[in-house]
Structure formats: C-alpha cells, structure tokens
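The data below hold one chain only, encoded as structure tokens and taken in the form predicted alone.
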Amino acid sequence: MPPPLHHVVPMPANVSMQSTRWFTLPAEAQILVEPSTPQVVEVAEHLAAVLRPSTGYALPIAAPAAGVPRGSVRVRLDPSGPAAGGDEAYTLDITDTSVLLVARHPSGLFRGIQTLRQLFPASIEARTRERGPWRLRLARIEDAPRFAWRGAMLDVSRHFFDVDDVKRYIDLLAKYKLNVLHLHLSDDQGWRIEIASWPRLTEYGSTSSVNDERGGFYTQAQYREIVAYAASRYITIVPEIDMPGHTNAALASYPELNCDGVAPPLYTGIKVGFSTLCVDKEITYTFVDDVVRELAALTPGPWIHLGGDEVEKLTDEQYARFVERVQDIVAKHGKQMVGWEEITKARLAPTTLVQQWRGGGEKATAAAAAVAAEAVRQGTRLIMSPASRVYLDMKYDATTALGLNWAGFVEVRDAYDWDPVTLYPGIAERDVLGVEAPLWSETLVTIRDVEQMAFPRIAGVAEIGWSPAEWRRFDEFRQRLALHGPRWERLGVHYYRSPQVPWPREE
C-alpha cells in the first residue's frame, strides 16, 4: 500500500504520519532560511508567494536567530542532507511547533515546497484571503525522484504561444515536480525562434500557423527570458528544431535549402512527411551549424533536440548520413543531441538520447519495441513518450472537442496505468532516463486549450516519473487526483473533468 498522504501528487517515496496531531501556521510565522544565500532565499520567496495571498500573513523571510520561534517554517540547505536520489531529494519534518525542509541542493528544496503546499487545504492556492485554520498533520517525508527526466513538451509551431503563456505552463508543471520543458520551436507551419544569421526564418517563416490562426516568434531576448524563468523553477528548457523533415517554414524562407532551389509556399495544414532539407547540399549543413551555434549559446541546459521524425522523402542511407553529421555539429557546440526514435537508423553516440514516441495498434507497438531494443543495443538512453499513453493532444474520448485520435483515445487511466521500464521487452531501469508528455498544437489555439488537454493527465505522468513503481495503483491515484480539482479551480486552470475521477462537487 502507498504511504498515507491522500492528497499529494506525485506520491512521495517514504512517509511517516501522525493522523491525530497537527501543526498550525500562526499569523506571526516566519520563513527561516539556512543559510541566507540568494538561491535559498529565492526558494523561500516562492513558498511565501503561495502562502501570503490566501492566509493574509506577512511571512517575513529571515535568518534564524537564537532558538526557533514557534510556528516557523525552516528552509535549510545542508550539504550533508539526503544524498540518495540526487539533487532533487529532500526531507520534510512537520512537528507541532515547526516545519523543517532540508535538501543538499536548492532544487531539492524547491521540490519539497511543492509537497508542502499540497499538504495545506486546497484554499491555500487562492489568490485572495481565505479563512483558515492553516493546519498540517504531523509527518516525516523522505522523498526523491525515480527518473532524472520528467518532462512535458509544448508545440509552439503549429500554433504560437507567447511568453506569458509559456510561463503559465512552466508554473503549472513545476507544481508537479516536472523538471524538463521541451519546446518544439519549428515545423512545417512556422519557425518560432530568432536566428540572427538567417533572419528570414522569422521575418517570413514565422508568419504562418495551422489555419493561419496565430503566427509569431520569440526574439532571442524573449527566449532567454523563458529559459531564466524556467530555471528559477528548476526546469530545464530543451529546444527542438525539427529536421530534416517538418521543415517547410525554413524551406519557404530560404530557396537554397531546397534541392531544386525553389521555395515552396507557406503551409497551414496538418499533414506530415512531405518536406525535407536538401541533405546533399553543403549549404544545408552551414544552415544547421548556424542554427545550432546560436541556439546553443542561448540555452544553458545540456541538450538540443533535432527532431528526425516522419521523414518520407529520403532513403535510409541519406537519412542516417544526415543524422550522424548533425550529431557531430551538436557535439561541436558543446551539447548533447536528442532525437525522435527514428534516429536509431543512424550510428549514435552514447550521449545522444532517443525519444520513443510511436504506440497505439499492434504494428506501431511492434515498431516501438524494435526501436527501444536498437537504442539499448547502441548504448543510448531512452525518453519514453508512447503516443497511446502520453500524447496529451489525443482526445480523451469520442466526445472531446479538441485534439486528434490517430493514436487512439487517451483517458486519465491510459496516461497513468503503465510503466516506462516494462512497456517493451528488453529494457532495464538503467536504459530509461525518464518520461515526457508531448502536447502537439494542431487543434490548440489558446493557453486554455493547452490546460484542458494537459490537466488532469499531466499529473499522472508526473507521478510515473517521480514515485516508486510499487506504490502506484490507479484506483488509489484517482482518489488523490480528485482533490486537485479544487486547487486547479482556485488557480484558474481550465481542466477536463474526466468521468474516471471522482471529483468533489463543484463549489
């Protein structure tokens, strides 16, 4: 049976709880930081920003003086703190007089804060003052993630989402201890990141979208702003420039990237597989080198995703030669390459990551299993994103207005009730770096659309990535998940009220 925390997602690894005794946050409470370094203070400010509006308390942040005032919340960075589980591990001790959060790295403190906020009543998420009491059951929690990569992907190419939209999504992901946001920055329908050495990519290639509903792009300054905002929530941005296919926006911007030297028109449909860079022209590799060089300089994280999926216009030999050359370009600029599962047709470096995506139907499942086996044979690690489980653009059921259904319907149970290591034969725990939930935007125009397709399913994906496999049972999870509905309502999240979840009566 899982630990007795009936409202926390993802479920912590180890919990000891006293069900009859409580800590009450008093109006004079302080948040004590140990030591009072900028990173620790910043984490404490995140906690204060959650608690102040709903409680109405001042919650000053201070260094500890002699003794610990009753009712204090202590945030302590300790190099000798929990080591098992890496930098994101933390311990949380709630006594009747104080709360103590300890980690050896600020990211662990930040993850612990997400657990702490969920231990308070749902009304803690309100942005206006609400009535208490603000109580926590006494407990000791020792927690760490199962997988290092716990991600979400947002497609800003089919439809564009502005900086504030992306920040909103980052905030929602951070609440569930996700630590990667993969931004799909280019596709047939639009190019979304400024590249100074190839300015027409955004001058022209950014102006289109599916149905011509919403074009746009991020300046390099805006992209840096997104990266910094994510980093303050201990989320790593992984940028994707899809190639050699899914490149019509680039091909329309620069005729020389086409084998015939003729630029196609901009594209506003949703078909795939029809476009490709001219892999036999040297200008193509100058283009790739320039794009990777600029993107690497903008991106402090270790990874750059270069797509590689659904290429129908090249032979396997042409495709493999392209992937291998591009892999070298990424390495030259100090980054590790990530690619969709098709890149296993090429010889891959051990540092390259393979993102498995196909799934749904016997043929696709067999192909995905073969890809996973090939990745393991080559010594690369897997990011598991099976479409029939975690493609959040798939409809929940036949009545869902948004989304597609080429991989089937994906309800809350489908997104939760699977395991990244046992999904396909021949995979060991060491072969899987983590899990990621892509959200493609063919039918999504607004951030409300994004929220409706992501929530509640993304919470289940977060638990797959974080919690021990032996704790996870869907019947138990859906009871905990139901208690997040009132939290999302207070946060203004436009979530889908799945009939598989016993939501509380709407307030």
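No experiment lies behind these values; they were computed from the predicted model shown. When you see a residue number, it is the position in the sequence shown, counting from 1.
Quick note: we don't show the form predicted together with a small molecule, though the next part is all about it.
At the 4.5 Å threshold, heavy atoms of residue 440 reach the small molecule in the model of the complex. Although the partner is absent here, residue 357 lies within 4.5 Å of the small molecule in the model of the complex, judged by heavy atoms. Under a 4.5 angstroms non-hydrogen atom cutoff, the small molecule in the model of the complex lacks residue 87 among its neighbouring residues. Contact annotation: residue 431 falls outside 4.5 Å of the small molecule in the model of the complex, judged by heavy atom distances. Stretch-level contact analysis of 116 to 124, 388 to 396, 316 to 324, 207 to 215 against the small molecule in the model of the complex, using heavy atoms and a 4.5 Å limit, identifies 388 to 396. This chain lacks the partner; the member of 310, 225, 78, 171 within 4.5 angstroms of the small molecule in the model of the complex by a non-hydrogen atom is 310. 158 is the sole member of 158, 192, 175, 150 with a non-hydrogen atom within 4.5 Å of the small molecule in the model of the complex.
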